Ligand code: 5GP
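One chain comes next, on its own, written out as structure tokens in the form predicted alone.
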Amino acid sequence: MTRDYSDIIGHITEAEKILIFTHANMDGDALGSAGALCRSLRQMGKEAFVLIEKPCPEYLAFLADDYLSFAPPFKADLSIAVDLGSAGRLEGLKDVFFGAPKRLCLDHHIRTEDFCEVFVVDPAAAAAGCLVYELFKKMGAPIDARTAELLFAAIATDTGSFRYSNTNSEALGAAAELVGMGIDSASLCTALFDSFPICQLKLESLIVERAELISGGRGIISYCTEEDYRACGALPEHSETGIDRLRSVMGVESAALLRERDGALKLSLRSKTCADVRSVAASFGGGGHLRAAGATLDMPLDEALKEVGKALAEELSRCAARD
């Protein structure tokens, strides 16, 4: 797919005060791509910030910097959504986002609504960081060492350290070029994937201990609760990696994790090669990618386990039929 950045470049060139937005409960792609864009815009002489409602997760704190702001520092003449597929994921920042006269979107989720004037959206991109990096090259924008680190973290996160099926030549090529700029990729990957507090491992052990296999071992489902966080001395953000432990079980094609978080029930779904978990998430009002998706459920945990297990089993049956 040929991506046309001309309108986005034109709007960025004309703007002076720019606010960047990404999804709540940031992951490495959200923070890395938004942060990299902000840093580069500042080096181009723009006033720019990434606007957030909540602090970034503990494991990403080493990537945070003064580009993050909890309150609008100015009235923006341009809003840019990065790694953000719908207006609903703006949550409490909607009014600020729509308060700018122009709105742009750089994203790699399937486009479901028109909430911006200009979109560059490509679900074939492995990460939003790939789109931001390509934008930089089209613009001739500056990329210093810190910006390169943020872009590498973005791409490494959404490819599962280059292990997931979305890893493609574009992602690998971009990562190679960023490493060629002198960043320490090994240290970045250690910080992203191999540096967890003990409370997080305890929480993961609970998730694995209560996991149930379904569909003859091709699916797996588990959960964690607010009480589990207290018992482990953990925060809700420490449950994020639980889905990866479930997905890694030998013989499992698809995994589901239900997590109590922020007064709601969050569903995370992952698959390896065949199952379309985006369609499973969509059946609960959610969305995402073919192999990684999620939703927010409004039902008791027991009912959610039953309904998600049923929906996942049905998709695994379709997956087996396709094979």
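Heads up: residue numbers just count along the shown sequence, starting at 1. Please read these numbers as outputs of a predicted model, since none were measured by experiment.
From this point on, the text means the form predicted together with the ligand, which you will not see here.
- Residues with any non-hydrogen atom within 4.5 angstroms of the ligand in the predicted complex fall in just one of 65-73, 35-43, 48-56, 285-293: 285-293.
- Between the ligand and the residues 238, 218, 103, 109, the one pair within 4.5 Å by heavy atoms in the predicted complex involves 109.
- Among the residues 165, 225, 161, 86, the one placing a heavy atom within 4.5 Å of the ligand in the predicted complex is 86.
- The shortest heavy atom separation between residue 272 and the ligand in the predicted complex exceeds 4.5 Å.
- Scanning 133-152 for heavy atoms within 4.5 Å of the ligand in the predicted complex gives no residues at all.
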